[in-house]
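One chain is shown next in structure tokens, namely the form predicted on its own.
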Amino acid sequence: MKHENKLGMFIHWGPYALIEEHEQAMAKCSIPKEVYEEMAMGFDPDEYDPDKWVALAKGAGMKYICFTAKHHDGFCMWDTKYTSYSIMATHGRDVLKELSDACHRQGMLLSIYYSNPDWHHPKAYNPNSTHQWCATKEESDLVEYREYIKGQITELLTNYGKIYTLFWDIPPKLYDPTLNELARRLQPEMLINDRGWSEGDFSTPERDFNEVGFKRFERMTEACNSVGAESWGYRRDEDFHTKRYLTQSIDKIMAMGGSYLINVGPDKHGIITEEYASRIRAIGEWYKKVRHSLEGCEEDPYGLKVRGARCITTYKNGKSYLHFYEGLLSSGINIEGYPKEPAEVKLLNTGTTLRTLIGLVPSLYNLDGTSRTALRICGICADELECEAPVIEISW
């Protein structure tokens, strides 16, 4: 099994939703641990409906959901026997089990996020790692803590059906292959990211990602970002990324062969509020029109040289796809290295057939001053596409 060319929903949800500031509110809002943990024991999401979450993701063309089983605060969002600091003590329901059941009912893959830092566990302080701000330093025992992790990972990978990927977070900078070995024994087909205790199957760039040349990824890659510009967990008065930024980011990563997790933060009631949900639907409106140009594609075999805007090309079933991950600069583009005159050219965003011609282009000139021949694609409604990533389909 490979982890490539899938769009997924990331969900950061925990008692930090009560504070409505940030998933790391204990640290970033300087809340004393005892105050935060007393507050967390009041986390009782009374309107949680995982079927609505899954339906939102599925409606946007997403294939999997990655759920934060435990974030840095150490609060566990499943029925665990290893600590009472969990959703069972505050809500009395295993929200992860309910989400797992909803995913399986609706044909959605489920992935699990697990934080290596743990600000609640008394033995978890790791001086080699980051995000240790609220950890208890005096009693640190990472051997004992890793046994705790193994117990919890066993629960997560045993009691919730088939798991698609395991998302460790915050590299511990300690090598212990027994954790991934355990995970693979429990879920042999599951893929594991590269933020854990030993080598993983795929890399996980976060937020903005830049790579010179934007060539196809050499290894499995899953980028992640949030619709919120400042936070992953629910934040009141959040600043949100634009549809243009999000669709262009998704288009770039997936055209390079990667998968993409886009995050929402449900509120304290368990609701993905309209300000988050509307952005997922907007992404879905674009994605469903261009998904076949991203899912299951290969690198374009023709080496097309697209002039006029930055572009990544993909190929599938005799068709080339031009992904303008930074938008278009004009109503036309020029292509050198084309194999033949195309049978048809479409703008996938609108379904419009575009006009093409082959001829000399003044901006493409040789050293002797003569112009070069190019395949021209004309009449693109570039101004109407300022809010999303344009994709052009060429049928040869």
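The shown structure was predicted, so the numbers you read here are calculated from the model rather than taken from an experiment. All residue numbers are counted from 1 along the displayed sequence.
Although not depicted, the form predicted together with ligand GLC is the subject of the following passage.
Inset, instruction - Would you confirm whether the three residues F10, Y113 and I170 all fall within 4.5 Å of ligand GLC in the predicted bound form, going by non-hydrogen atoms? - result: Per the other structure, all of F10, Y113 and I170 touch ligand GLC.
Inset, instruction - Go through H72, H121, H323, R235 and name the one with a heavy atom inside 4.5 Å of ligand GLC in the predicted bound form. - result: It is H72 that has a heavy atom within 4.5 Å of the partner.
Inset, instruction - Tell me, out of K289, R146, H241, R195, which residue has a non-hydrogen atom within 4.5 angstroms of ligand GLC in the predicted bound form. - result: Looking at K289, R146, H241, R195 one by one, just R195 meets the 4.5 Å heavy-atom criterion.
Inset, instruction - Would you please decide whether E388 lies within 4.5 angstroms of ligand GLC in the predicted bound form, comparing each non-hydrogen atom pair? - result: Close contact is absent here: in the predicted bound form, E388 is far from ligand GLC, nothing within 4.5 Å, heavy atoms only.
Legend entry - is_contact(E98, ligand GLC) in the predicted bound form, heavy atom dist at most 4.5 Å: Taking the distances in the predicted bound form, the answer for E98 is no, it never comes within 4.5 Å of ligand GLC.
Legend entry - Contact of R216 with ligand GLC in the predicted bound form (heavy atom, 4.5 Å): Heavy-atom contact with ligand GLC at 4.5 Å: absent for R216.
Inset, instruction - Check whether E206 has any heavy atom within 4.5 Å of a heavy atom of ligand GLC in the predicted bound form, and answer yes or no. - result: So E206 counts as contacting ligand GLC.
Legend entry - Location of ligand GLC contact in the predicted bound form, chosen stretch of 334-342, 43-51, 359-367, 23-31 [non-hydrogen atom, 4.5 Å]: Selected range: 23-31.
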